[in-house]
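Given next, in structure tokens, is a single chain: the form predicted alone.
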């Protein structure tokens, strides 16, 4: 069904109903667990109907159950109750306790049957409700309200982005590792050449460089500003970050993401990038990157992150050629597509189909949870270039290419 947090909440809900006179015995709780395992908890209406069918045996108990359900399965911040219940299993729950001795006020909508019986006041149970941050972390960026955008900015700015390290060619002293022959000879001269002290050394590590190319065309309008805050976060967590924005042309914005003040920097970038919100020419932008910036920013084997939905108005052959050039110059080439977070998404656009033949990893980037998974993936990257290449979509695209024509699109 879901995690332990949701199961604990379900047991508390049954206890709450028993204290208000409903006949909810342990056998009914086992039936409820089995029912929710079968239907899932993705729909609040289905969960309500299943629990109502199992727990309500008298007409007089219906109003108490409805009021208890609305009170119990509510956000901790007092937000509307139409939030998916599966978010309750994401993280440890937050306890919301009313003042003891004060009756809980419940507003229950009168049914069409005309029943005017007031529901019983529910006792203080220490009811566990989910945190609004859990909903915020799993919600799609394109569905954020202005208030949620501000809260997500604060949440992302406080995150410690650790995105992996690389081994350099330089050595440093260590307790364990390969013998340091120079120090071995120097330290053992006083022992007449006897190897009594064998110091060790290891490779020095540094944060792996990251190059970000973010699409700011019209089709990415719902995601680009939130993703820029992610770029700001990783740029301030480490110095080795190069940032570029592209739509119909490429613009380097590293000096903006390195400055303080995210909102002011985004405003300055909006004025500097003249094609913000326009069309998309991925091939031309990558050609500018390869001819003008590769030798300057692609040193020490960086990880290249291309953030785009794949809609392209240019030549697919140019995209393939320039993507291959980028791939030969970097340690890892990762394409981040916000549309991949949808279960019905298929990479049918020309730019996306072309890129899938070259990239190492194809990952979603539509909410905060996907950004956390990206950070975990970068920390787990192999030291050697190209190791562990994943192609979850390549075989599907090749199979579908014989069934339907390539879909083209413009922003």
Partner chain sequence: MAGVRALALPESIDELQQQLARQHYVADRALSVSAYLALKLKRPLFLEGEAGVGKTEVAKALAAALGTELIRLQCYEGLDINHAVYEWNYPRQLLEIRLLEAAHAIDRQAAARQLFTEEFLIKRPLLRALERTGGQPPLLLIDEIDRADEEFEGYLLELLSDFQITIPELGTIKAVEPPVVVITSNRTREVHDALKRRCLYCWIDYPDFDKEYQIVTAKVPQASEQLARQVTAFVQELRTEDLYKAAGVSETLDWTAALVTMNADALDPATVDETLGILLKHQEDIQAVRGERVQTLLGRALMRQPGTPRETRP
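Please read these numbers as outputs of a predicted model, since none were measured by experiment. Numbering follows the first chain given and starts at 1. C-alpha atoms forming the largest set that superposes within 1.5 Å between two forms make up the rigid core.
Heads up, the form predicted together with its partner chain isn't pictured, but that's what we're talking about next.
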*Taking 4.5 Å between heavy atoms as the contact cutoff, choose which of 373, 379, 57, 357 touches its partner chain in the predicted bound form.*
57
*Within a 4.5 Å heavy atom cut-off, is residue 63 in contact with its partner chain in the predicted bound form?*
no
*Does residue 290 make contact with its partner chain in the predicted bound form, using a 4.5 Å heavy atom cut-off?*
yes
*Is residue 322 close enough to its partner chain in the predicted bound form to count, meaning some heavy atom within 4.5 Å?*
yes
*Though only this chain appears here, would residue 23 touch its partner chain in the predicted bound form if you measure heavy atom gaps against 4.5 Å?*
yes
*Can you say which of 142 to 150, 331 to 339, 226 to 234, 295 to 303 gets within 4.5 Å of its partner chain in the predicted bound form, counting heavy atoms only?*
295 to 303
*46, 168 and 195: each with a heavy atom within 4.5 Å of its partner chain in the predicted bound form?*
yes
*Go through 174 to 188 residue by residue and record those having a heavy atom within 4.5 Å of its partner chain in the predicted bound form; state none if no residue qualifies.*
181, 182, 185, 186
*Is residue 52 one of the residues whose Cα moves 2 Å or more between the shown form and the other one, with the core superposed?*
yes
*Exceeds or equals 2 Å, Cα of residue 183 between the shown form and the other one, core fit*: yes
*Please say whether, between the shown form and the other one, the C-alpha of residue 66 moves by 2 Å or more once the core is aligned.*
yes
